[in-house]
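The structure tokens that follow cover one protein chain in two forms, given apart as structure 1 and structure 2.
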Structure 1
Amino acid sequence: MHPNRSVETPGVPLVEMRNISKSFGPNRVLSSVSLTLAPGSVHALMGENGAGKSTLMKILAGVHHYDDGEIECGGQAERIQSPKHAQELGISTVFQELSLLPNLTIAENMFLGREPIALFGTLDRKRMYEETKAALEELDLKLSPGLLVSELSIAERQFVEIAHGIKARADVFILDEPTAALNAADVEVLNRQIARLKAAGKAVVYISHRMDEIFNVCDTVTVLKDGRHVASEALEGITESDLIGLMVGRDIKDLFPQRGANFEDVLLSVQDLKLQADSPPVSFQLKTGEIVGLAGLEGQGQQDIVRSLVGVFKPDSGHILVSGGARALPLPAREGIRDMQRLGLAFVPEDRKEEGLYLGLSVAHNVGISLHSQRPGLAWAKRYKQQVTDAVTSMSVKASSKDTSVGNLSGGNQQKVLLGRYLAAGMKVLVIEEPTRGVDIGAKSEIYTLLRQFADQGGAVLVLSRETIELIGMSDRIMVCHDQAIIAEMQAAEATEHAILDAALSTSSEANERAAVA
């Protein structure tokens, strides 16, 4: 089942995806998207969160099946059945989510699904060990292949994942945000490997949020927006702002509401929060009317900081003050969220399908539950008709009725229902992770406006987002995390993507040099 090895003849694409469409339930995530991967090229796939990049790549990797369209590998039409099938076709993937298995060793993860076999069908562990060691050394990594993945740091895991992907015998390499947790020096190592693959006539798909990387590494770009194909062209001659323009599709300034002006009383105050016993203390405040963004590379502690505020993450120590109520950290895991809700602080988790919503239950239940949960279990349940109606209409949730199950709504409407739950409960402080993940552009704009309205009416918002553009646009103030500490703070109006990235990369001299050049 290997594709024709006509790699040397230029012009014959290694992979051609034509008019691919895909829906998840009622949500159409890809409509008629095409992508051509030529040998010896590094192809940037660009688009905002939820534009369909990952879905397109998961289709190519055999994880999802497409509804419509066709895929050709090396000139032959193929229906990719499974990840295994994709591997056999010479497609190797490094996924965005860390998908390594924590209970296996590095070597076992590296060879999982294609283990070498020795005598009598036993695993050739020696070969696995040696080849893994060599592969890690090529990436300047000195890890023993016998270590369990659960013992590695996030950056190390990411490197192992990269090693797993690029060491596969494949012609097409998909790298979905491979550098999210890496610092500048590590990125250099990766770039060398990508150059090697390119020289060997392979095709690489590169997904990243960092513009400078795209321009350093890639030669071609395809832009997706809301699941549609916007453009495919050579990167030469394109500027960064052109690219952003293509991704967003309109001037981004129009997307965001006016920033706040009057910040008065302190609503939330976090003092000396230490994530681990040896990490530096973190302190910050949120005032009424203020939206504060939390930026940083993947796994630098920003998510742990946010989750510490409701007891989902267990930090070492600290104090939290919410509208007059003081609590010592860590909060109790079972009661933390309820306690904070009583004080008026609500936490909106990132993964709305797994952690946020009851997909099988009605809009009314999803909104009303936070009102119910503030009352004793044996009390008669109130119907909260008015509150639910208010929430649904004020947020312009498009649902056929309040009894529709939330699973049938689009991503944007689901996110609005989730926000509506906490707005209906009369919260004062919202702590939000990724407020617009998997949401189309129109709904994004609405969500920004809603959050601004909430702040203007005397609330405060702490928001965590991987999209720097979004953070700059919607926040009043931005704090940047590095290594479990807040190492920089800036006014959003004056912040730039570069400044934030440089701060996030922190003290790396290379980053400073690059910043100086820029």
Structure 2
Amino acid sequence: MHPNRSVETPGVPLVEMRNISKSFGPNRVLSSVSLTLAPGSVHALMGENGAGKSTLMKILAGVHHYDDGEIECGGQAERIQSPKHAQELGISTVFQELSLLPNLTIAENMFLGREPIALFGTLDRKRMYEETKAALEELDLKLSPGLLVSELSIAERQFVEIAHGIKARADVFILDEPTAALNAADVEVLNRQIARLKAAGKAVVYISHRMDEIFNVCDTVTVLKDGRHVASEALEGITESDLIGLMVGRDIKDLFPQRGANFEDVLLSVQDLKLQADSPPVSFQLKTGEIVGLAGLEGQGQQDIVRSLVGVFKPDSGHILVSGGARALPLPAREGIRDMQRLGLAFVPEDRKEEGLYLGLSVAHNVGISLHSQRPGLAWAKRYKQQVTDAVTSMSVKASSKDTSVGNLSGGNQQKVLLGRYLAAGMKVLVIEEPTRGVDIGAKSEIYTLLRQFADQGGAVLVLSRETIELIGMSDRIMVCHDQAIIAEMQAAEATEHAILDAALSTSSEANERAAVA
């Protein structure tokens, strides 16, 4: 897609990615993934959270470099070195995080880094204005090139990003969740622009979780799962149910302990939690012995819900009751976590290294810190030697001694140390994000067992995970989030990945019925 390269040769794809593999450290995120983008096509790229979609597109956009495989652009082999190189090859990316600078005009953004120079070395603003105006008009956008980007709506910024790609003579457009911030009218405008790009022989990669959009806009779909290529199919020949099946199609592994049976006293009650003033109210309960999973597509409010319970996120309003102690929401940012711990609720964050553990301190210090935090600030220090020993033993932490630095442990043992911190402190409710993130398969099974033992001994667990199969296997009940609300609830023993994804994609009050039927 260099200016001197013909991209309209019949049968030659605009882009062909073959057997692309990528690892970040020991974590393999893509394994021999292939993708072909034909001229005049709109290609959906789908998969659950963590399937590898964004990594694959960032490789095409020059943000990441692949470890193995090859890429051809217009029939010629290319090693895309940087985002600028990708743009030179005719690849334009509109990520969810828009890249326009709000303090510059539309025209200044369009020519950023390649400003035309007039006589005497001055900026050729007339040319910038005229060429920007032509690019906007090509998309039927009646915007002045002199407008500051800060004055544009989210939808208008999205369209300016696309116009930027057209101005740069791009042949491939990557749209990552392009309608996430658009209303229905703006979606129609976007669809018309996509149709224009298709008619002009461009290729569009369309990443979205919204099934209706996929079937309305796209011609072909490629499905990724766990970093592997599952299928590439023409959408004309498959149904929505078929597509969901391709995205989730695996059985639960034999990793999980037996579910709980007796759920009696309410340990945690959340009433009328509103993340924002105009958000729907969220209410739910956890009972003794119960593990409740919180599912949903990325960014639908589930993390904000759990973090509201400890003051890390500041909601608009609500109430929380823990073991008989009532508090109004939002909780104080500085004291919320300690206040909840005094009531018996502990929080295990997703990023254990940045938010949970003290990597330079020993296993004993990391476990004992919760015991120290329960005492008055001026009290004499205690060693809590036996409690720490009991916790480390019950967690089966693999370390040479309790004096070993936590930073030297494996991911699974670090997670067990973090869990041991709150078990030693006698917590009753555990709120945990991504319990097995970066953990090997053996440690996963151990962590599932530890959480079940915690619940069986009279505790309750609220767990947030992007792995649907994990939520089904370890939970007793699953709540599904969409648009800052809990829109569906189901018993985990009867749940399927299909039912959860179907509910997560729903925008109506029928979600519970659909999940139950599935």
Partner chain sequence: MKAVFAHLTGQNSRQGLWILPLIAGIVGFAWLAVSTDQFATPQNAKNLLAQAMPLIIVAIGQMMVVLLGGLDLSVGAVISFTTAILALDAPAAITIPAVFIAAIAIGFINGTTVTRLNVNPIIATLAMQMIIMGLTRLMRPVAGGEVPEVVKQLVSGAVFGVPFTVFWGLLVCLLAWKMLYGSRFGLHIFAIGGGIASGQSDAAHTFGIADKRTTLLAYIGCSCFAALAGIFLAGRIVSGDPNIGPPFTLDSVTAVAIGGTQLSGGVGSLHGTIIGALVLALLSNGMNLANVSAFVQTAIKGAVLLAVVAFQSRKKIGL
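These numbers were taken from a predicted model, which means no experiment stands behind them. Each residue is numbered by where it sits in the sequence of structure 1, with counting from 1. What we label the rigid core is the largest C-alpha set whose atoms superpose within 1.5 Å from one form to the other.
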*Could you let me know which number goes with the form predicted on its own?*
2
*residue 66: with the rigid core matched between the two structures, does its Cα shift 2 Å or more?*
yes
_After fitting the core, residue 195 CA displacement of 2 Å or more between the two structures_ = yes
_Rigid core superposition, residue 281 Cα moves 2 angstroms or more between the two structures_ = no
_Rigid core superposed, the C-alpha shift at residue 136 between the two structures in Å_ = 11.5
